[in-house]
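One chain comes next, on its own, written out as structure tokens in the form predicted on its own.
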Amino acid sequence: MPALQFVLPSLLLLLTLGGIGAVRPRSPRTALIVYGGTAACCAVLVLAALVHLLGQGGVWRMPVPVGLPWLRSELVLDALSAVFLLMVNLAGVTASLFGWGYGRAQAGSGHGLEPGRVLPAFPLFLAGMNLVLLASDAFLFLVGWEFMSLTSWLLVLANHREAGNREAGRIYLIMASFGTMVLLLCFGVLAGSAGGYGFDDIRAAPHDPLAAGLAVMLVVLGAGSKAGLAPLHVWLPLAHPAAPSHVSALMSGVMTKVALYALVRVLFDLAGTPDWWWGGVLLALGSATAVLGILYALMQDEMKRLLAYSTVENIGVISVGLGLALVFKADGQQGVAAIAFSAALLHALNHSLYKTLLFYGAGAVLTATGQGGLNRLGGLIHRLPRTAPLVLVGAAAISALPPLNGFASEWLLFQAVLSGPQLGLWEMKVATMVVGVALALAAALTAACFLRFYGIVFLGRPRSPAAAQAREVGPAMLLAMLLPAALCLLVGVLPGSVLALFGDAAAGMVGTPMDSRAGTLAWMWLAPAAPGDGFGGNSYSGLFVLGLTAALTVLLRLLIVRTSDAAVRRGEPWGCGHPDVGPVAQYSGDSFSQPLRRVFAAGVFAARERVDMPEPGEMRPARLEIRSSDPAWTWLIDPLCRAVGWLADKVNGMQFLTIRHYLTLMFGALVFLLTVVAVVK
């Protein structure tokens, strides 16, 4: 309870900072106050979450003077809320720091962003996300959800003069409204005819299996559209590139986690005893999302769009973890369910760390060059010597390279996948193996995707004058990147200590915390245990891998120094026998992804290449045009938009009917409703 006393003042201060940002948005002092105050509030919320997770646990409650007259609203902090509160506000601290430096740099570079437009909505966005996590009833939850959606929509439109950004804002607003409407229906179904909208009332009420199943489908649609589950992910690759980089980091790194929190809260806590098919839905959607997301990321030429599709892939991986936890819980195997659930939480935390770091890196590149296209960059490892290694940490972490954090969570998730044969239903035994193959494919493609990202942006020679003249970004932006990079290493080296923080959350959602065979050395070893222990003694230590890697690196360096010439020699790059080869002859992003594009994307994404080769003697350059389409747009969103447009045209024609037609329609509607009432009764 003591830590919760600091939460409400922090939320109120975030609201106040939004007002301050709206009064004088162009003043540098206002930017310092807003970003500094936001960072302080987020730091307090991080401490509150840590105090809860490291303390005695339990549920902390604090009444708030808002809400419906018959509904007593409270702020509630339990173990699950505390885990997500930690993720959101860790990113909030670094985003505030990066945003302050980014705004100053963008204002001076003239790259188009107006930093003053970000100031009013930025702290309100964080306040909305925190309110969702602390809500104790459906009313307060949806107020926070809408607050989060509307403020993030304003941030997407920060640079509204570009037509593409306005279109991104329109699509985002439509998808956000759809998600809120569906969640409203979900809570209505869970509350039932008694109308108890408090989470305690919903939790205590008996749920009819049909109503619970309907609520599950509704929350998967509502929260899944906000999180980015395919095929409802279409707003992410539009909105993330349109927003400023530190806002993109929050939207991609933590707003999607708030949506996953909603999914977990309903599926594991409010909807009652799970059935196996709940997890089956998440397994199918999650594995498809993971593979499709990373395949499309591989074909992107724009940095932030690539990172947005990568978020889709990671949301798929986390959903698979949650789906496995539901399936094992329904099968009565709480021990394995706790492993899958802990793996999902750990991967969510890891994604919030390395994805914010990568978006900060993309923002640093944009600030230094004004270029976001991969094929206009290159050679930045020399021009941005401090940014380059930090981004490399993020790229290695998201590629699941040990000893960084991405490997630990994916390794733990595969331990749960390999326990699939222990399930009672043969359908789920087969399904978990298929899901394991999909996850392995997604992991391999992720490594290829970020090798392409880092290699094209930072290695080779500059492909444009802007890249050749880039300058390192300021200390605030570098510090904001350094913090998540250090946490990526720390969580990767000591994953057992972080998983210990998730024990109460796992116990509350699946019935038991994750057990470890490492005993007193659990802080050092990741050694999950379950009844029957079908893991074959698998264990992993990030600290051991780090020590071994460091020792091998030192030995290799000594070997190279002793056996090679002392002087460093530099030579011209080999040009396949052609003299004076320019930077344009380097491997580009398109050529890097060509084999994978031809193998995997020709069918699903309809990827096509068109080469315009001039005839001998013509002086115009040869051109390669690549086209692809997102199947979600082609098969779902476009047909749906056309159907809605057709229906709207038909309804629009009703305003020109005669009185006789109106009376006929009213009579028909009355007969229809009376028939429905008669059937229901």
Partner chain sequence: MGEIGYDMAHLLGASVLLMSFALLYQRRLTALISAFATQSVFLAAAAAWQGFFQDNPHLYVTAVIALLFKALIIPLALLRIIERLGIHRTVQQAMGVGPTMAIGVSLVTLALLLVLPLTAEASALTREGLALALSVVLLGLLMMITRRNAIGQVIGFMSLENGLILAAIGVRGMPLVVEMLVAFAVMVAFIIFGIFFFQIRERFDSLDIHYLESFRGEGRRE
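Numbering follows the first chain given and starts at 1. Values in this document were obtained by computation on a predicted structure and should not be read as measured data.
The form predicted in complex with the partner chain exists for this protein as well; it is not shown, and the discussion that follows is about that form.
*Asks:* At 4.5 Å between heavy atoms, is Thr675 in contact with the partner chain in the predicted complex?
*Replies:* Yes, Thr675 is a contact residue.
*Asks:* Pro28 near the partner chain in the predicted complex, any heavy atom under 4.5 Å?
*Replies:* Answer no; every heavy atom of Pro28 is more than 4.5 Å from the partner chain in the predicted complex.
*Asks:* Could you tell me if Gly653 has a non-hydrogen atom within 4.5 Å of the partner chain in the predicted complex?
*Replies:* It does: once the partner chain is placed as it appears in the predicted complex, Gly653 has a heavy atom within 4.5 Å of it.
*Asks:* Evaluate Leu12 for contact with the partner chain in the predicted complex, applying a 4.5 angstroms cut-off between non-hydrogen atoms, and reply yes or no.
*Replies:* No.
*Asks:* Using a 4.5 Å cut-off on heavy atoms, what residues in 656 to 674 are near the partner chain in the predicted complex?
*Replies:* Counting only heavy atoms within 4.5 Å of the partner chain in the predicted complex, the contacting residues of 656 to 674 are Phe656, Leu657, Thr658, Ile659, Arg660, Tyr662, Leu663, Thr664, Phe667, Leu670, Val671, Leu674.
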